[in-house]
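Quick setup: one chain, the form predicted alone, written in structure tokens, and binding and motion questions come after.
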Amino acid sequence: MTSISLKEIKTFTYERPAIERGYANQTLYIDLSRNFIEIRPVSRQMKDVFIGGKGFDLWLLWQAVKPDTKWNDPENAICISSGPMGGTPAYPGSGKSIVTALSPATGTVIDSNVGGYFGPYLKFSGFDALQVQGKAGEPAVIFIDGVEEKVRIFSARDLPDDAYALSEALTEHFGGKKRRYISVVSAGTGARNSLMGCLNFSWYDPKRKRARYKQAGRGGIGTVFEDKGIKAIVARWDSVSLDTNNPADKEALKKVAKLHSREIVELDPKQNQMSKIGTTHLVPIMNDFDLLPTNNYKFGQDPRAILIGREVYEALFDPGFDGCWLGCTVACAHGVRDFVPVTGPYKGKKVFVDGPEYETVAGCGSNLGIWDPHVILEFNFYCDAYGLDTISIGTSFAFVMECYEMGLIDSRATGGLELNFGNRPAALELLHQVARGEGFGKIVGQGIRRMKKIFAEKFGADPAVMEDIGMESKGLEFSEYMTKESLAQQGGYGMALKGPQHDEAWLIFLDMVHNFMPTFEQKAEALHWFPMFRTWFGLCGLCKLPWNDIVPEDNKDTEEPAKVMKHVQWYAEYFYAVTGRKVGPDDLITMSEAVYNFQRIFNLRMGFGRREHDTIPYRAVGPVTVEEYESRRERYDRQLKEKHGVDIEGKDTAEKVALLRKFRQELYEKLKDAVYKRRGWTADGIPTLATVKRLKIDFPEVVEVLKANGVTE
């Protein structure tokens, strides 16, 4: 057992309330600057309007910060919440936490939906949400002990830096022989030395006898965590059953949970085999449909994709049940046993790698021109150990590589690293530099938006070219999907509240492959309901995968196959069974609308949230370079002739690139108009007063923000 030394500096004793219909009805507030701990009530209005999870987080963060608060100000708060259904052991995907803070990448609200045991253990310990403000004077560990009904703050100077060693030490220290009852939240040196920090949420795997991880990855929440001086937040709980959430109708809950679980067990082996290969099943699908980002999103296909596809990881993954919450039959949290890194502090040592998932395979593989699964595993392992977001790392590195190959920067800028696509040793060395905050890695760790400015000012790089190929929006790096042929997905990325992350709207297949939404109005409708369903999962403590990644066999024959209405109805029944609040599918949309519009207004309050902030780089819309156009010349020529009525005879490729750009940019602006209208927003992308009144979020401070921005009706 690892020996560690913790100095207790604050103990807060409380009486744990009984959970009532999925709620503890109180939140936990901690100010690290004062070592102050307080319990705060959850109001009826909070539950009615904000539901839980992301909704509770947003409301607490709104109260904590001011319009001029910066990400590294003490008042910035890290908020973590599950939701009323979070912690249900029988229903697939019910172990989620949602984390929010002001992002160092974007300057506004960021949220991440993450697995692991922490959210449920936090709630069962007596708290619907945790809010942490202030900054610790020395490295701190927060221990929320639902068994002994105490919250403790420790000073911890001698704990390991990397997430694996840290979680192992704390799981042993606080769990003893009952390690399954411990969940640890941590970041790492990479989070401390960059703006791309993620948080690792642990769950104990009794078969492999180790703490394993899921990540709250996006927007630098781990960087905020490190800036506050937090080494870890630990939750302790004991047994979990269907009764722990004290559902309103236990029998109804058992019935609907059994239906959904049984369907997944039956259909997953026939569809995506997520219980065997997780989200790596997406690699060949994306490649087949020209959607796999390759060489900084220039291309969408490559014959080498088979080298990093599902069959490879099926052979590499350690077999066995891999659910990141109790009883989840999707069981997609796979890992690789006895992997041996060839670089860095774990060089030559056997390690366990949690992953990879599709985003890591594409971001740190194909998008870098790297077709070696072992290099991808090394990226995965070290990003977790360092507390770095694999999506932002991959997309940022891809941008750097293209800048290097285009001559926008050279080896003098990179400190001698030859950052061509496919250069595996150079890419791994850059990863370690980012984590250490050294050399060229110190610049890269600031993300694409800041790199564009630095490259222009320091190295003379062309700002216009970088604006086109720098795959970020709102300051957040794109997740790993090609969007050139899906206008709806361009909108899904550009109009996502936190930046281009697919969890708000993943519409590529519905739009590009199935052509379910040929008109602007249909695209706008999809960009209304899809984000609302995804938001709802974040309100309730649920995973999105059971909704539409595994679907009923007759789903294609239903009236609205894209919505998977059979599952939506089950979720409505599940919500009623836990909370006692009778709802239908339309009510789920309305619940989410309230929180979604509140978040848009929150962005507006922080100086964002207008039409201008919903722009995306042209690389996401169409071909930037002649090389890109030529790679799909037949397709683009046909579009110019048939869709736009252009006579291309005698025109060279550069002229055709410019013509196509004009048409595609116009289409994206028209899509904004249609989406804003459908959402009840102004032409500038701001919710109207009528919309906030309809959704019952017309609080005085909300109305004040709207009026300050010229919205009075």
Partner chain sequence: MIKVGDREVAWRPGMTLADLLEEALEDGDFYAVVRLDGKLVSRPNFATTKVADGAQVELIPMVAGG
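The shown structure was predicted, so the numbers you read here are calculated from the model rather than taken from an experiment. Positions refer to the first chain, counted from 1.
Heads up, the form predicted together with the partner chain isn't pictured, but that's what we're talking about next.
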property: Answer range among 144-152, 281-289, 432-440, 165-173 for contact with the partner chain, defined in the predicted bound form as heavy atoms within 4.5 Å; result: 281-289
property: Single option in Thr625, Thr244, Gln522, Gln273 placed near the partner chain in the predicted bound form, where near means a heavy atom within 4.5 Å; result: Gln273
property: Sole residue of Glu642, Asp586, Asp238, Asp557 within 4.5 Å of the partner chain in the predicted bound form, by heavy atom; result: Asp557
property: Ala140: touches the partner chain in the predicted bound form, heavy atom cutoff 4.5 angstroms; result: no
property: Partner contact for Val513 in the predicted bound form: the partner chain, 4.5 angstroms, heavy atom; result: yes
property: Residue contact check: Phe598 to the partner chain in the predicted bound form, 4.5 Å heavy atom; result: no
property: Any non-hydrogen atom of Glu311 within 4.5 angstroms of the partner chain in the predicted bound form; result: yes
property: Residues Met401, Arg449 and Phe455 all lining the partner chain in the predicted bound form, heavy atom within 4.5 Å; result: no
property: Sequence-ordered list of residues in 500-534 near the partner chain in the predicted bound form, where near means a heavy atom within 4.5 Å; result: His502, Trp506, Phe509, Leu510, Val513, His514, Phe516, Phe530, Arg534
